[in-house]
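One chain comes next, on its own, written as structure tokens: the form predicted alone.
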Amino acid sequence: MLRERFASPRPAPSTAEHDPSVAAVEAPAAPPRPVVPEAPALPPALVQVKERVHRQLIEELDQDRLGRLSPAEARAEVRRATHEIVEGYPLQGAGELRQALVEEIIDDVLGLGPLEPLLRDDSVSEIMVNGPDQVWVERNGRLQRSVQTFRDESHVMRVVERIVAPLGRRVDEASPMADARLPDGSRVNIVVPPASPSGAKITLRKFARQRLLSADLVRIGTLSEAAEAFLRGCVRAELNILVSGGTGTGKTTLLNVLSSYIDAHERIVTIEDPLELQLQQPHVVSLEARPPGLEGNRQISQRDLLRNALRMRPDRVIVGEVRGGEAFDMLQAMNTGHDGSISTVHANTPRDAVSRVENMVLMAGLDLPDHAIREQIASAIQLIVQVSRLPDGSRRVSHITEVAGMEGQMITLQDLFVMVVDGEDAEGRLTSTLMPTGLQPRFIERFERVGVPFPADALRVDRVHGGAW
């Protein structure tokens, strides 16, 4: 089924050497992140000690004074107090267990309790709390159960309150769902009863400390060298690009890489909900949507931000994710001189992405005929980059597709690159190649207009760039 989904007529591979005309990667690749084994859970006897020490700390510590200290100073203060209290308990066993006990107590007092070790673990990309003893993590695209647990449901709710309180938010029966962001940029979604009858649920997508570069995407197989060179040229030629994919497929990561190709002299305005992009250019203005306040007012929508962004003299407008009526304003911007815009959308195929944008334009509440909306889409968007998550957990670009225009009432698409699944390697991971189809895009004149060389060699079908992944 998977092979049928992604397969296309595959040109015969060539043994020719790598073509020097394909743009070289400009930055060195980051090393793969190590998988950090989780520390074993504390023995039951130490868990009881931990609860008693935690209660004693809360009674003895001056919370107001802690609030005035820096995070490092507060952690040192709590560590000192914890060691003093723990010394009063006749604990038996290795010093490592005693140290683990101290660290867990500090995490409970100052941080997010059992989630803190997972937040420090760079091999974890997502954390999912389904219940006090049901904590799951994603590592290398695969879910696994964590050894971390909460004491009970009230412990989970205490962590929920610690997440939302600094943001002036609340999560309760009247408002049982909330989106939040941790100080490091990680995204959090929270659902509590009655929306979640079995108890609070926390879904946390970690903010990557290390930004992936284009070389990293080639190394891990998300892109081929030829496709990377082609996309680099498309961004520099100011094509409007839509990155499409499902949840957790790496749309934001790819958007970060595409935005890295934008020249440093350009003014970039980003619109997000919440902030996730990590642009490195010197002239970036970041705008963030805001949900309604406790009284249901003070909301700032992405559509509000997009309209305002057009008054800020942007060279490029980047919308982190198009979700609703702002799709119409985005198309209007693309069609009125704001070339080079990039955005993402939730969709499983390039064709689905076009349909999603069409439906979101209708959400703007405008009485436009279908044909007029499709003409707007066809003239505004030139390229769709589809990212997919395969059964082995890997995230790869499966299609690079041109929006070629209109034929009658339909938007026409043509694939420029298609992923072909080859099989499996010795470790059971899928191998594939992102193959050019040999078709020439209709937007070549855009390259000529802005003086950017067209990467024609990247589209040649008589050789395979990047090999099998």
Ligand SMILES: Nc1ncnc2c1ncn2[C@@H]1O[C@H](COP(=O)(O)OP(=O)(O)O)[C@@H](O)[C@H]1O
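Just count from 1 along the sequence shown to find any residue number. Note that the coordinates shown come from a computational prediction; the quantities given were computed from them, not determined experimentally.
The same protein has a further form, the form predicted in complex with this ligand, not shown here; the description that follows concerns it.
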(message) I have K50, R80 and L110 flagged as a candidate spot, so tell me whether each of them has a non-hydrogen atom within 4.5 Å of this ligand in the predicted bound form.
(response) no
(message) Quick check on this chain: which one of Q382, S186, Q148, T252 has a heavy atom within 4.5 Å of this ligand in the predicted bound form?
(response) T252
(request) Just give me the single entry in L182, I262, V86, L212 that has a non-hydrogen atom within 4.5 angstroms of this ligand in the predicted bound form. (result) L212
(request) Examine S398 and determine whether its closest non-hydrogen atom to this ligand in the predicted bound form is within 4.5 angstroms. (result) no
(request) May I ask you to state whether I300 is within 4.5 Å of this ligand in the predicted bound form, using heavy atom distances? (result) no
(message) How about G246 - does it come within 4.5 Å of this ligand in the predicted bound form, if we only consider non-hydrogen atoms?
(response) yes
(message) So, T222 and this ligand: in the predicted bound form, are they within 4.5 Å at any heavy atom pair?
(response) yes
(message) Heavy atoms within 4.5 Å of this ligand in the predicted bound form: which stretch in 212-220, 151-159, 367-375, 225-233 meets that?
(response) 212-220
(message) Could you pull out the residues of 431-450 that have any heavy atom within 4.5 Å of this ligand in the predicted bound form?
(response) none
